[in-house]
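Structure 1 and structure 2 below are two forms of the same protein chain, each written out on its own as structure tokens.
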Structure 1
Amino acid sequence: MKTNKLILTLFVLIVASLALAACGGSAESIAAPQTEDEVAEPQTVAEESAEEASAEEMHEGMLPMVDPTALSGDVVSAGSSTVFPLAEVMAERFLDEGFAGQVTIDSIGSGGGFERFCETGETDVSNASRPIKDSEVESCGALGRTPIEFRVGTDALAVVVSKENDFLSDVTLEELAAIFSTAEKWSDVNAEWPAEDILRYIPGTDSGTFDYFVEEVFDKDEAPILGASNTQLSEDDNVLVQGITGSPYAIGFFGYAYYAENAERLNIAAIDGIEASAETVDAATYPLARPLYIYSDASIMQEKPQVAAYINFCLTYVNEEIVEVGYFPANPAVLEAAQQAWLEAMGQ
């Protein structure tokens, strides 16, 4: 009896659910737009007001409010692959907040970016991980452009070892080159260091961090670092941290932001006697730090309001995103100077 009842109940349930599903199918198409409107409207209103509030807080009266929805046209930018991830995040946010045009960002290196900005004049904005050169300013002048520099942040690398490592606290760039290439044992680099194998943990070859390290330490030649023995590569910084903490003879490097997160498990080495800190990184005296810039020109900004708005947007919100991307925020005074430069360019 009991099982019969159970089967009956199940049967009824199945029939009922089928019927419901069928009904739902036809009813949905009519009902959906209505409910969506009802629900969606108050949500966007709430969002907007929240954004306005936070934007005003951020503003501190410096730059005029940006309303991406009121703008049209495109923003064309090109340049440094280091600035690229940051620019990408900013552009994404710009589009998310309603900008209807296109923001193109080509990752072609700082030099390539200036070539397009100053020689062919194809771009509105140039991304760079070094200050513009005099020769580049000259060729810009020939086009009637006067580059304006906006500092958006700083990129810094941390060279780290395990907390158990008691011999490496300061390292020169030459020593780094040996450590990450031909040296087998620590004693091969410096006779005072132990005769133990060097265990290397480095970011994968797809990362900008790898490229930057190779550029600074190996003069853009990948072969020595990739050919080194006992080298573990990973795009996942956690894998590197795990490996480096695993042995006193391990060494690795990654973005400074990631070291900061794991500071209690890792020791950071000073480079050429200079310790990485907000000040040394900001002043770029720390050898593995470099400033991140975007460049534009006053006449472009005045002719194309979307370009001016994009730069304004970047300068206003960059500090909310930059740490997530893995870079150092520019110090407030520098950022303020950049905002001032924006106001001057717009003749305000």
Structure 2
Amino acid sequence: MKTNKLILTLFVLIVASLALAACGGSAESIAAPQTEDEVAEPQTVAEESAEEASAEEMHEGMLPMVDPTALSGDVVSAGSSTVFPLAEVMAERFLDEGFAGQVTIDSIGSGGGFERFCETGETDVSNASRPIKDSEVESCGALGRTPIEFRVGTDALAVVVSKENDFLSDVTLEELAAIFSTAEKWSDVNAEWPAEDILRYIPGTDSGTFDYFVEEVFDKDEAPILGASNTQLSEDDNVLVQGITGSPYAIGFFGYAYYAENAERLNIAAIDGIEASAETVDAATYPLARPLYIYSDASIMQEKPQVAAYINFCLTYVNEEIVEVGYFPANPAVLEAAQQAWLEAMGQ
């Protein structure tokens, strides 16, 4: 397992000078600019959910404004390789807008992230591409932690092949089950496909992507996919990309962002005739659409203002960054529910 690790650190004096030069040190100036439509539309959600907050304290929804320049300390997170690119962008923006502390993000898979959050208590935030399991909630309870779920977006799990592959453009869930289990050659699945060995590149078993694929394609039974020949597993999606691009007979799957980042080298297959798009993902008609989460705990958020502020910042600005990363925004009702969960965690 290869670990991608981001350690982003800025010194107070450097940040202060940059902040003063760029925006005069004003907390108001760090809020994302509103469009004319946003200014004109009444913030009914804010009025209903946070009636005591003044107009100056509210921004981009129902959460109180975050001033990154007023914060320091560490934010430690780990988990999903799928969520990693989004978390990386949000952490960089948090630092760029003046946070003087350190944000650490380890890409170790959803299961590995929950282990650090619920079993060893090493992290403040757990990134996940699947919901937390009951057993993981119990482990958290033993540490005195109660996981709080914050939905930050939606991913379309991408089934991909090399650009050199000229025969696979659409695949059914039934064909996927054969491709990633008992079939030895492509022609075993479809007689019109080449009589060449199937080379499989898949996420490791600690990955939420692996769990999700197994749940959707194999009804939660890991045995078929783990017993397939010519299968390489890795927690590092870049390793999977390299393997898939190495042969026209290779296939794999991972989060949509990694396909988008490598679209010039990869082809994505439609599933049951449905292509991944903002419309099909939001409507849940694309068969392999899935939510993306971050988790934390109320006591952590209340004891560490920088952690609460980081989560607030993510929930406030995520929709400004997520499409560029390669994922799809959560619909407004889902994001508002996450923001409400933040308010409740903070006793507001």
Partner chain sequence: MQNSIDLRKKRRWGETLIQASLFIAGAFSILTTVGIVYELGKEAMNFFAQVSLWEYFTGADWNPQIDQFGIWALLNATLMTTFIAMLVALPIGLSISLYLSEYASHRARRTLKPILEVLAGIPTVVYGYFALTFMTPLLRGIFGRDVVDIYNTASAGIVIGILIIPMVSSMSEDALSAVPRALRAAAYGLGATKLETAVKVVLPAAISGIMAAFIVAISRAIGETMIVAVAAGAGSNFTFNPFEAAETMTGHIVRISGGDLSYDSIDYNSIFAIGLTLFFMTLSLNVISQRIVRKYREVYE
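The model shown is predicted, which means the values in this text are computed figures rather than measured ones. Along the sequence of structure 1, residues get numbers from 1 upward.
Undergrad: Just verifying the output here: the form predicted in complex with the partner chain should be either structure 1 or structure 2. Which one is it?
TA: Only structure 1 fits here, because that chain is the form predicted in complex with the partner chain.
Undergrad: Among Glu136, Ile198, Ala309, Ala289, which is positioned at a hinge, defined as the point where C-alphas switch from fitting one rigid part better to fitting the other better between structure 1 and structure 2?
TA: From Glu136, Ile198, Ala309, Ala289, the hinge pick is Ala289.
Undergrad: Smaller rigid part versus larger: rotation angle between structure 1 and structure 2, in whole degrees?
TA: That works out to a rotation of 50 degrees.
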